[in-house]
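Only one chain comes next, encoded as structure tokens, the form predicted on its own.
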């Protein structure tokens, strides 16, 4: 058996899974989005943009995903740096702490947030007891609740992406910067952060795409009033049974994420020279 045939045999299971699990569903979704009673049409896409409700849902999906990505980066970078510079035993426990939530169902974690953020939950009650908020204050069914829940769900992806890059940085570069007069923050900004850019870029792409297409946590924490695009697609498929319009929304979400990722990919190409 030649090397080329062995290579194709090794690739075959992965390629078959990719075609069955991604290419065929996406192709079917594209066809459904353009199908009408009298043949192919663009009426489903026109309906999406003619009704002001759906563009507002799309905008909310984009800016909440961007906000969740930014919060994950701000929280995840210091955590990943400390993990990278800790000893092996401390790093192991920190890694376990970060990945432990991934071993629990996202539904269970989201219900935990629902208990904490409920109107009678500990957070709202404490804020009311200290007189910091009014009696009608609640965090559930707000955009803040979605951001809190999604950051907790997606933070491990950002931390692990950054950790893989920062742990390979030579600590002597930081020592040299400190010797040359840089403060700790200046060393972070001028040495560590630029060198960790590939990890930050990979983590941001992961968090943004997962956030934009997430359904369970936004639906449970945001409630029916604060809808994101994945929830709107689900509603059209299961409640109104309008599969063609749902497919058109899915195509718009897919295309929107792809367009937003182009600047990220260009930045990544520059970072890799």
Partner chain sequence: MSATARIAIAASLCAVAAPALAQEITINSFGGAYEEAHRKCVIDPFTAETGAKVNIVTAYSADAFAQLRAQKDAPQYDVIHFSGGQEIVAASEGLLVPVTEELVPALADLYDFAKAGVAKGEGPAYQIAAVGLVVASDKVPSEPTKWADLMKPEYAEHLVLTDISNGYGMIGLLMLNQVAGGTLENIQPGLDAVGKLLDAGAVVVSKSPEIQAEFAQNDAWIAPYASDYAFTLKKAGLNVKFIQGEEGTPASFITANLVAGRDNVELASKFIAKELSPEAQACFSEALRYTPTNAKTELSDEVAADVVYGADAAKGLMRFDPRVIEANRSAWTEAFAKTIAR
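Since the structure is predicted, the reported quantities are computational estimates derived from the model, not experimental observations. Numbering follows the first chain given and starts at 1.
Missing here is the form predicted together with its partner chain; even so, the following discussion is about that form.
Trainee: Just checking whether residue 242 would be counted as a contact of its partner chain in the predicted complex - the rule being heavy atoms within 4.5 angstroms.
Mentor: Taking the distances in the predicted complex, the answer for residue 242 is yes, it comes within 4.5 Å of its partner chain.
Trainee: I'd like to check something about residue 42: if you look in the predicted complex, is any of its heavy atoms closer than or equal to 4.5 Å to a heavy atom of its partner chain?
Mentor: Because no heavy atom of residue 42 falls inside 4.5 Å of its partner chain in the predicted complex, the answer is no.
Trainee: My question is simply whether residue 54 lines the interface with its partner chain in the predicted complex - judged by any non-hydrogen atom within 4.5 Å.
Mentor: Yes.
Trainee: At the 4.5 Å heavy atom threshold, is residue 206 in contact with its partner chain in the predicted complex?
Mentor: Output for residue 206 is no: heavy atoms all beyond 4.5 Å of its partner chain.
Trainee: Which of these stretches, 115-123, 186-194, 95-103, 78-86, has heavy atoms within 4.5 Å of its partner chain in the predicted complex?
Mentor: Checking each option against the 4.5 Å cut-off leaves 115-123.
Trainee: Give, in sequence order, every residue of 71-86 that has a heavy atom within 4.5 Å of its partner chain in the predicted complex, or say none if there are no such residues.
Mentor: Heavy-atom contacts to its partner chain in the predicted complex: nothing from 71-86.
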